[in-house]
Each structure stands twice: as C-alpha cells, then as structure tokens.
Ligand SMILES: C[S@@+](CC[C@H](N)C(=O)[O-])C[C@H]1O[C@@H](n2cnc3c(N)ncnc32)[C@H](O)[C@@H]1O
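Shown here is one chain on its own, the form predicted alone, set out as structure tokens.
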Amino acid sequence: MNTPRNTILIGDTLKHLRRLSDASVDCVITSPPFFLLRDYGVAGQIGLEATVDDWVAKLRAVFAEVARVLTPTGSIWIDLGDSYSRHPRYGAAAKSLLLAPERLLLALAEDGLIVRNKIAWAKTNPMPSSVTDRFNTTYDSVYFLVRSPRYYFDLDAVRVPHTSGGSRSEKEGTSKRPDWAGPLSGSNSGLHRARLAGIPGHLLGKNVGDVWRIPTASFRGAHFATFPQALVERPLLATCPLKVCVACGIPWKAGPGKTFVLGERKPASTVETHVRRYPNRWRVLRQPGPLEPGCSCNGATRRGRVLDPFMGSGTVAQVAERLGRDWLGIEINPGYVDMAWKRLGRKPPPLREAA
C-alpha cells in the first residue's frame, strides 16, 4: 500500500494524491483555499487563479483523485466559502457573489459524487465587517459527499439531547401523508410513532441537523484559516469508523449495548413501558456494546483513516489522534507543516516532498 499513516506529505496535493493507493482512506475532511481570498505565499498554490472557472477546474482534478483513494463506503467533507467579484473578468459582475462553492459542487456531481448535505457552519463569533450595502457574511458551507448510495454513517455517535419533553398529543392515524406532499417530500412516520409513546424522538437523542453553531478557532500562529476542532469532530465520528476489516474493507460498528432510563438502575427491557410509567423522565442513557464486524471474514483489522489534502496547521490530525483514528495530511507550505507538527507535540519526520 502506498498510503502512509499519521504523517504529512509536503508539496503539491495533486501529485501526492496520484501516488496513493485506490480505496485506501475512509473519510476526507478538508478546507481548500477559497478563490482569491488568501495568498499562502507558495508557488503553485490553489486559490489565485485568473477566474473562478479555473479555480473549479483545479479543484475538480484534485477531488477526482480524492474519490479514487476513498473507499466505496467513504465520505468527503469540504468546508467552502464564497468570494465577491470585483470585476467581470473574475467570472461574475462586480459586487456579485461568484457562487464558487456551487460551481464546484455542480462539477463534482457531474463527476459522479453524491451531495448528501449542505451544512451551514454558523459562526457565533464572526469577523466584523464595515460593509454597508449588504449583510455581513457569518457562515461557511460544509458539504458532505459520498461515492455511492450505501456508505458508512454512524448517526448515533453524534446525536444530541432532546430539548423538548415527551408529549401524548399525537393521535393514531395522524401520520398519513398529506395531500399536498410532492414526490420528493420526506416522511415523519418514525417521529409519529415515538410521540404516540410519549417520547419526543429517538431514544438516543435527536439528529443534530444541518445548522452547526460553532465559534471560529483562536490560534496563535501564522496560519489564518484554522479549523475549529468542533467542526471536525462530528464528521469524523459519524463517517470515519474506528475499525475496518482488512480483507473486505467493511467497517465495524458498535453493538446495541444496554439502554437505561434515567432514574432506573436496571437496563430497560422495554423503554416505552418505563416512559409511560414515568412520563417526565423519558431521557435515556446508553452503554455502547463492543465493536462488531460487519462481515464474516474473521480476519485482521485496521483503524479508520482520514485524509486532509489541504492540511494547513493540522487540526484534522489533532482530532483524529484524540478520537483514535489514523490520518494523513498533504500541505504545500513547509511552514504550516512545521506548525502542524508542533501542535501535535512531535518533531517532523524526514522531509517527504512530491517530485
């Protein structure tokens, strides 16, 4: 395998990606350079192209290689921000949003990737702006993409507590699909069944949703676009498995474990019975079971691997190590690589540059 673990490759990301093995990483979490917003001071950097279409073309080539090195069950998370044009030559009328993220996402969808989510990273401490003829930009978009319709996703690992109590106001038969529902509208039948039992939703907590209120990271260093660790944790926990079968590449998942209703000392055999008996104590705790294989290979395993092809100051690597995953970074700026190793508390290994 030509995909190293727990190290940073220095140089052009496309050259390094082309040397990595097929289907060798389980998850990609990254933030490419935004179009014409920052100069990282390195020849050959992405982000200073003449037009937004040139920027899309370069990143399209990068993510074609990313898709190749990703396992069939893997996921890609891309943090992207937009730019405002100052002249039509950049690709849009002056003062208009360039719609750079949308252009890139449409290109990646044409290349066969499936766009599963657009997360709004709502920054609780956004950078102030002196602009007076539009509203200040206070969020980035984080896009969640996959290679195939069936992929690894552990929602239970990132559920959050319910903020409402159980209600018995639901009535049988009220979950009937409304007449106005279109062919692509969703269903709330699962939520309806839970509320009939006096539970506000899933016993382990609610789906976190697609608006994440997270402050920007404060970092004392020369890198000025540092990921907050909280923005990396959810994608990593949800889409990078702890253990993967070496023979077939199928991820392991935690077993069912035991569920306890708060206030009860014994595991709940039927949680709904306890909820009906104690309607004001519907909250539950779960003790996860041990990891279980998703296959019958009964062979060797490896840790899940996350790749950041634009590593920067190394936040993805920090979170991966803390959460027990392997990682690989690629970064064109040697100064940022030194910064990343310092944040990881280690001396850098011998220099590894792309030819």
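Don't overthink the numbering: it's just position in the shown sequence, from 1. These figures come from a predicted structure and were not determined experimentally.
The protein also exists as the form predicted together with the ligand; that form is not presented, and the subsequent description refers to it.
Remark: Gly44 counts among the residues lining the ligand in the model of the complex, judged by a heavy atom distance of 4.5 Å or less.
Of the heavy atoms in Ile332, some are within 4.5 Å of the ligand in the model of the complex. Within 4.5 Å of some heavy atom of the ligand in the model of the complex lies at least one heavy atom of Met311. Shown alone here, Gly294 lies farther than 4.5 Å from the ligand in the model of the complex, counting heavy atoms only. Residues with any non-hydrogen atom within 4.5 angstroms of the ligand in the model of the complex fall in just one of 65-73, 44-52, 294-302, 320-328: 44-52.
With the partner omitted here, the residue from Tyr90, Phe227, Trp77, Tyr152 that has a non-hydrogen atom within 4.5 angstroms of the ligand in the model of the complex is Phe227.
Of all the residues from 5-19, those having a non-hydrogen atom no more than 4.5 Å from the ligand in the model of the complex are Gly11, Asp12, Thr13.
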